[in-house]
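Just one chain follows, in the form predicted alone, and it is written as structure tokens.
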Amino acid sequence: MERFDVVVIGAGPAGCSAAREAALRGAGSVLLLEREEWPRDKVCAGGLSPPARRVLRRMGLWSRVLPLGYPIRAARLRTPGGRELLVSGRRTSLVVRRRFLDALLAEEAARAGAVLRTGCRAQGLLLEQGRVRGVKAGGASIGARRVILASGAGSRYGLRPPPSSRWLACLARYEAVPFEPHTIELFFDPELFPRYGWLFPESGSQVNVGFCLARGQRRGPPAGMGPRELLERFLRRNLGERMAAARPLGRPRFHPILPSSRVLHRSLPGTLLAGDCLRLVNPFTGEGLSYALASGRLAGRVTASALRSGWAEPRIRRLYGRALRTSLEPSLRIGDWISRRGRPLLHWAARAASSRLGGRLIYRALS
């Protein structure tokens, strides 16, 4: 049987940052598994939030990410009542396709010493006396002293109760859609509210367009409408004639989002969860990339310390859970509070945006 000190399942931002951190901090041999072949994309608009940029700077990778994206200097918002706001500031944000970002993060994990295997699907965990001792992947058994699970929202490895909220995310790419250069657009559509839709430029000629919709929300589109019909309806209402000459780039893609207002880490002994496995998605913005990067780094750091120092399982779980709650839970709870009071806050934003300072503050919060 092949053996590693650490096996990480999932080469998204959480898994890559976990593998890189574990390797850099002396965890020993690290294996990073990705079920798909490169290059591959994800249903993600690609906007890098301020927390995501901060984590990338701490990792020393921001200068490498910058050339991969399209710079953003303004945001246009449409409220449920149809009012449009244009906000901007001095700060430049970035839209980066996940196929480029994830490939860079995986490359950095490999550069730190991790072994990357793409096209290698994890089929299950190896259990011995109630503790995970490795994984089944690619038709073989791989032994591991520790396993980090970063396999996304659909992961079957966590021990959390059923999610209290489920969203449907849709994303499609187009060419020849008119847009304001270096400007993202957010549509707080009445049928989607308190969720929203968006248009994010990815280059001078290409955009990604999509929406999030909370399943079972009281106000929404007609019952029984399928995801593709929802997308067409959203495009007609919000982009209209701008889609007349649009050329689709591939098919629309759909993905579940499981937001959370609290961090609750429950996993089998021998494992830690990171990223969407933990439902680390902001309940207001739907943003999860910054949480994936941060939780992955924490998982890699705790794993390396545990292996070097011989920590017992209870201590590993306690320290990791405490670090997650301290660093990530406050923003999740704030996002939940804003989500439940979304309409009044949008009215406030509309008034505040009329002033130059207010517009800059709103843009800073968005970008």
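Residue numbers run from 1 along the displayed sequence. Please read all numbers here as calculations on a predicted model, not as lab measurements.
Quick note: we don't show the form predicted together with a small molecule, though the next part is all about it.
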Triplet G152, F200 and A274 all within 4.5 Å of the small molecule in the predicted bound form via a heavy atom: yes
Taking 4.5 Å between heavy atoms as the contact cutoff, choose which of V207, V147, A109, L289 touches the small molecule in the predicted bound form. L289
One residue of R99, R242, R121, R73 in contact with the small molecule, assessed in the predicted bound form (non-hydrogen atom, 4.5 angstroms): R121
Specify the contacting stretch among 234-242, 79-87, 126-134, 254-262, defined as having any heavy atom within 4.5 Å of the small molecule in the predicted bound form. 254-262
Test of understanding: in the predicted bound form, would L230 fall inside 4.5 Å of the small molecule by heavy atoms? no
Interface membership of L213, the small molecule in the predicted bound form, 4.5 Å heavy atom rule: no
Is E329 near the small molecule? Define near as a heavy atom within 4.5 Å, in the predicted bound form. no
Residue-level contact is defined here as any heavy atom of the residue lying within 4.5 Å of the small molecule in the predicted bound form; does P51 satisfy this criterion? no
